[in-house]
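In structure tokens, the next block holds one chain alone, the form predicted on its own.
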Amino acid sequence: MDNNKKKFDFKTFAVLHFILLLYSFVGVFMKLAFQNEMFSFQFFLFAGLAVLFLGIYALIWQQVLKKLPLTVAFTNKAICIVWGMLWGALFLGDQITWYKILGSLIVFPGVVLVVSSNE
């Protein structure tokens, strides 16, 4: 096996997408934090959740990179576009437009291409 290629399994891929799901909530938490008065309990609650999720993400991200090539792991971060759009609609009342859906759909072939080209 080439030293530059790392083998990965379904479990590692599932962990990657779990932490990307956590990462996608950071934007929601920060928007919720800044919708409240600065230095209020709600501000610190949501900002603290954002920092907590970023910390968990960072720790597990490093472990995932031991098993996945950086190009594969980083390319999969594009899924956060879809998660962010969904969370914005569910928790923040954002509109999901056809342009947003089309843009998200354009991301997926790129992810598939990068992931499949590394096998």
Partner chain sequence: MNKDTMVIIFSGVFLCSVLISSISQILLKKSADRTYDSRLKEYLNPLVIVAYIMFFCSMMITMYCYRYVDVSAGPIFESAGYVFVGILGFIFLKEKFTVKKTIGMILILLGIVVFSFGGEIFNFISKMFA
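Rigid core here is just the name for the largest C-alpha set that superposes within 1.5 Å across the two forms. Residue numbers count along the first chain shown, from 1. Please read these numbers as outputs of a predicted model, since none were measured by experiment.
FYI, the form predicted together with the partner chain isn't displayed, but the following is about it.
**Q** With the partner left out here, if you bring back the partner chain in the predicted complex, are Tyr23, Gly27 and Val111 all within 4.5 Å of it by some heavy atom?
**A** Yes, because Tyr23, Gly27 and Val111 each have a heavy atom that approaches the partner chain to within 4.5 Å in the predicted complex.
**Q** Does at least one non-hydrogen atom of Leu102 fall within 4.5 angstroms of the partner chain in the predicted complex?
**A** Yes, contact at 4.5 Å.
**Q** Would you classify Ile60 as touching the partner chain in the predicted complex, given a 4.5 Å non-hydrogen atom cut-off?
**A** It does not: once the partner chain is placed as it appears in the predicted complex, Ile60 has no heavy atom within 4.5 Å of it.
**Q** Answer with yes or no whether Leu65 is in contact with the partner chain in the predicted complex, where contact means some heavy atom within 4.5 Å.
**A** No, Leu65 sits far enough from the partner chain in the predicted complex that none of its heavy atoms falls within 4.5 Å.
**Q** Please tell me whether any heavy atom belonging to Leu90 falls inside 4.5 Å of a heavy atom of the partner chain, as the geometry stands in the predicted complex.
**A** So Leu90 does not count as contacting the partner chain.
**Q** Between 79 to 93 and the partner chain in the predicted complex, list the residues on our side with a heavy atom within 4.5 Å.
**A** Heavy-atom contacts to the partner chain in the predicted complex: Cys80, Ile81, Gly84, Met85, Gly88, Leu92.
**Q** Once everything's superposed on the core, is Phe108 shifted 2 Å or more at the Cα between the shown form and the other one?
**A** Yes.
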